[in-house]
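Next up is one chain by itself, shown in C-alpha cells, the form predicted alone.
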C-alpha cells in the first residue's frame, strides 16, 4: 500500500522511509506541506499520509484542513507527527482534520499498529462505497441484462429531449421489440429466452456510441436513444442497429436461435416541444406498424400522424402476437 510522508527534516524523513519500507509500504516522500497537498490531491494519490506538524509552505494542520475541503476525493487517512504533546495540541490537530496524532519520538511498532488501524478504516470505507454503488446500480439497471431500466432511461431521455430542444439539435428514439419472442419461451423455455434477451442487450449496446443510451423498456422491448443524431442519418443508424441484432443466430444452451427485431423510430427535431409521453406513443405506433408490415423492419414516426396518434388504440391480440 502507498503511503506519503511529509517532513522537512531530511534525517527524520529518511528514518521514516526505512521504517515504512521494512513494513512493506510503497513510500512517497516530500519535504514540505505544499508538496504534500499537491501529491495527495492527485487521482492516484496515496490514501495514507504521515504529516509533520511544522513544515515550510504549509504546516501539517493546514494540509489536513485543505484536503478535507476536497469533498470529491476518496477518503485519506491522515496522521500528524509532532513533538507537541499537550491535550490542546491534540485537539487542534484532530479538529484540523487529522485522523490520528503521534508524538515524537515515537515507537516503530506503535507507528505500524496505528497505520494498520488506518488501513482497516480505508478498507471499511471502500466496502461502504462499493455497497453504495451496487445499490445505485441495482436501482437504475435491469437485473437480467444490466441495461438501464425503464425508469432510468426515461429520466435520461427526458433530459436529452430538453437539451436537444434548447440547443436546437435532435435525438433519435428507437423502440424495438423482439419478433415472436413468445414462441422462443414456449418452445425452448424461459432460460433460453433469458439468454436471447441478454445477447440482444449486448448487441444493442455494442451498436451505439458511449454517450448514447440503451435500456430495457419492459419484457422483450428495448429503448435506444441516439443523442445529437442528425435527422439525415437517423434512419440509416436505425437500420444498422436492426441488422446487427439479426445478423447471426444467438448461441444458447439449446443451440442457435435465429432472432429478428422490429423497430419504430422517432426524430425529436421533427416534433418540436411535444411531451415525452406523446413521443413515446408515436414511436410505439411506428413499432406497431413495423409489426403489421411483416416484422424485421423499421418504420418512422412522422408528425402528420398526430391525429392518429392521439386516438389510436392497439388491439390486445396484436400485442400478444408481437
Partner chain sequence: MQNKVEHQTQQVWNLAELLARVDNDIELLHDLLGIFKEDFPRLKQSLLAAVACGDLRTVGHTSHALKGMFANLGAERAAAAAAKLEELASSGERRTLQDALDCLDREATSLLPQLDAYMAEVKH
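Everything numeric here is computed off the predicted structure, so don't read it as measured data. Numbering follows the first chain given and starts at 1.
Another form exists, predicted in complex with the partner chain; not displayed. Remarks below refer to it.
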| item | value |
| --- | --- |
| Candidate site 54, 105 and 112: all three near the partner chain in the predicted bound form by heavy atom within 4.5 Å | yes |
| Heavy atom within 4.5 Å of the partner chain in the predicted bound form - the one residue of 83, 86, 134, 206 that qualifies | 83 |
| Non-hydrogen atom contact residue 15 with the partner chain in the predicted bound form at 4.5 angstroms | yes |
| Contact label in the predicted bound form: residue 9 to the partner chain, heavy atom within 4.5 Å | yes |
| Residues in 156-180 close to the partner chain in the predicted bound form, defined by a heavy atom within 4.5 Å, in order | none |
